[in-house]
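Have a look below at one chain only, the form predicted on its own, in structure tokens format.
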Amino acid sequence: MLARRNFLKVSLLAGGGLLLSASIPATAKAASLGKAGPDAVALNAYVRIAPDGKVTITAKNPEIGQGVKMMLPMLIAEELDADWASVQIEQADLDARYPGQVAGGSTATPLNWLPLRQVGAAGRQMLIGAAAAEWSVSAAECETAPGEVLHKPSGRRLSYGALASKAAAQPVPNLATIKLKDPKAFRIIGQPIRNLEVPRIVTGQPMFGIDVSVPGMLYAVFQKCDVHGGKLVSSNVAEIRKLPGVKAAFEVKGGNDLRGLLDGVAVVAENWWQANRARQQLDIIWNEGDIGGQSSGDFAATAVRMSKGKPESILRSDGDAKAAFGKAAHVVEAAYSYPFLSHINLEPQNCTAHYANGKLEIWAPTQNPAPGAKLVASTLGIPETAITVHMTRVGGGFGRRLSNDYMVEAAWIAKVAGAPVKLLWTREDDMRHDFYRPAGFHFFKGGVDAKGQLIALSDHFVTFSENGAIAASADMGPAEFPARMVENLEFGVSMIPLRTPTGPLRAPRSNGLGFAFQSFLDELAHASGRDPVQFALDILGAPRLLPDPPGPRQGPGFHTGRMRGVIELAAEKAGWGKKTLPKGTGMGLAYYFSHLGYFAEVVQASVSAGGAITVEKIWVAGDIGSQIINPLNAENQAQGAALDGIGTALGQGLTVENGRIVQGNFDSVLPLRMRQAPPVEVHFRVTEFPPTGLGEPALPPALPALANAIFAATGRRIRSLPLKDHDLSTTA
């Protein structure tokens, strides 16, 4: 149901085509995602029908590999009853007609599922109306087939192209009352449609931000302090300007916002190699400020010290956990931790900018272009209306490109240099100037009764603060599983001050919390002699909806039945408990609710005598509602998320030392290699609930499922990541 009435605008294109433009407020589901109020997402959809029958659908959201450039047009094309073979898709620029142009939070499906279908249905109704007027018959006697309107009683038919100009004169339908297709009649939605850009991607054709080239373009690098927020004292830019190929070198005095323009030195040259060679000869003196206590060793020691005292604040308290521990047959205490992570996008941050005559043109692989334009406008002192942002395809976002620091850097350098400039970061820039997934420390205590039922759980969560408030993506909600399902439960929080900037990484919060909680719950199951699957089902109890507690991130609640369903499906497909596995091989289960998606995963892994880990197979079971819009892309997304989680667990983690990140490249932060990637078998449960997104929710269970599989294989419990830091050899 729509929150309020939608509006459809109709225009006549040059040459007789039809343009549909719909301004659509956020849906009721969007409100449940925290998008209601003055910041509500206003979604736009545009359809052009040319006289030759070609249908052009504009994809308004950034394409970061999640398939949204295909998915959103599929919704419109389905209800329009377009001939998919005649559909063309184009990427929108940042445009005020398209509010909500953002890729993040797996929100594209829940926000657009109904509104964009309504846009297509309105177009179909107007085309039918035009045909009925042409034939002097009732619109009720007409129907559509792909790309045409039919009048079966007389056998007449007209193509959409022939009707486009007349359809533009038809009355504008009310989107709130327009009739949509029965899902049983879908021809496009639900079909495994291959991404139209795959051939260009696999043949290396230019399409990413890093590929942009404009006439007269120069290349730029930007050196910032490796201690985040460090201030520039002096540099040898005068000497750098004399180096071969260097066109400009200058100091930049920025502000204190780590997501904006910071102090640094820019070097602009004829090509990037010259610019980077000149950068290597920079001699800069920085004021790093107070970096005391800003090292990973300090953080870990502080967390242990804090864990021995009372939490600074109580996030949730149900029943009497302390008394329940005294009655438990088994009590387990364990400390879990996870490290800082970089996004490690394969395409490093880059942006091309051209400033001339008071106007700025930008080509950027951004997930969130509107705040980027606002940041650039305020920094350069120009109106937002003077900025054009072209959204390129993104070579990996994962939340990193929700921030637009690289965009404002390129814009500033281009304005000073007086020429079009492509700013390109190195891999070391990417890792050392990221907005990191925050580390976290969990000090758990759990109690089970004589029947193996979980009766008490506590977690003292030690996390990080920035300027006195909890750091970005470093918080935990009061509804964190298994809250609401354990009678006696307490979540406490303490914070360590942090200078290192943090932010969302694919499945923010869930990617760390899932590892800690799901690993500890598996530990409790084994300590009580219970099968982890049955232990999980007992915690969930009868199928029911548990409402979220009130708060700024209140969502639609947690449905225990949906989680039970995916756990049972994953266990069934994996043959849980029905296989005799060789020595050194084990299966691990984990499950998690993230970004409105319910996922359970089983990992089968083996550990050699020398400690080498082989992930043999992953089974993924998901519930994302009543419709899988593009099954091919859905399978790919679930596979990619699970493998992303496995790669994170195996070889990724950052160390902070004296306020700076130690690691800088793929020799120390290890992406998953092709030879390490196991088969991933994906299954979806189709339920009666509204469709939801898929970019993130399949990731969190992968990490603890692997850790739990290693325990099953070796008897050794993994309580910290990455796994490359553990010696699992039989002699350890």
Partner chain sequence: MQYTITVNGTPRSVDVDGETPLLWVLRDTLDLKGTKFGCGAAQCGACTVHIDGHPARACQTPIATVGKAAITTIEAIGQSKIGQHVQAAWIALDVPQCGYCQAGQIMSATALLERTPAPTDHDINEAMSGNLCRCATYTRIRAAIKQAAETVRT
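Positions refer to the first chain, counted from 1. Quick caveat, the model's predicted, so the values are computed rather than measured.
One more form of this protein, predicted together with its partner chain, exists but is not displayed; see below.
- Of the stretches 585-593, 257-265, 337-345, 605-613, only 337-345 has residues with a heavy atom within 4.5 Å of its partner chain in the model of the complex.
- Proximity of 65, 271 and 636 to its partner chain in the model of the complex is complete: all three residues have a non-hydrogen atom within 4.5 angstroms.
- Although the partner is absent from this view, residue 503 stays clear of its partner chain in the model of the complex, with no non-hydrogen atom inside 4.5 angstroms.
- Within this chain, residue 198 lines the site of its partner chain in the model of the complex, having a heavy atom no more than 4.5 Å away.
- Though the partner is left out of this view, residue 496 does not reach within 4.5 Å of its partner chain in the model of the complex, counting heavy atoms only.
- Although the partner is absent here, residue 204 sits close enough that one of its heavy atoms falls within 4.5 Å of its partner chain in the model of the complex.
- Only one of 526, 559, 427, 231 lies close to its partner chain in the model of the complex, with a heavy atom inside 4.5 Å, and it is 427.
- Only one of 117, 124, 460, 422 lies close to its partner chain in the model of the complex, with a heavy atom inside 4.5 Å, and it is 422.
- Residues are counted as partner-facing when one of their heavy atoms sits within 4.5 Å of its partner chain in the model of the complex; in 383-413 these are 393, 394, 395, 396, 398, in sequence order.
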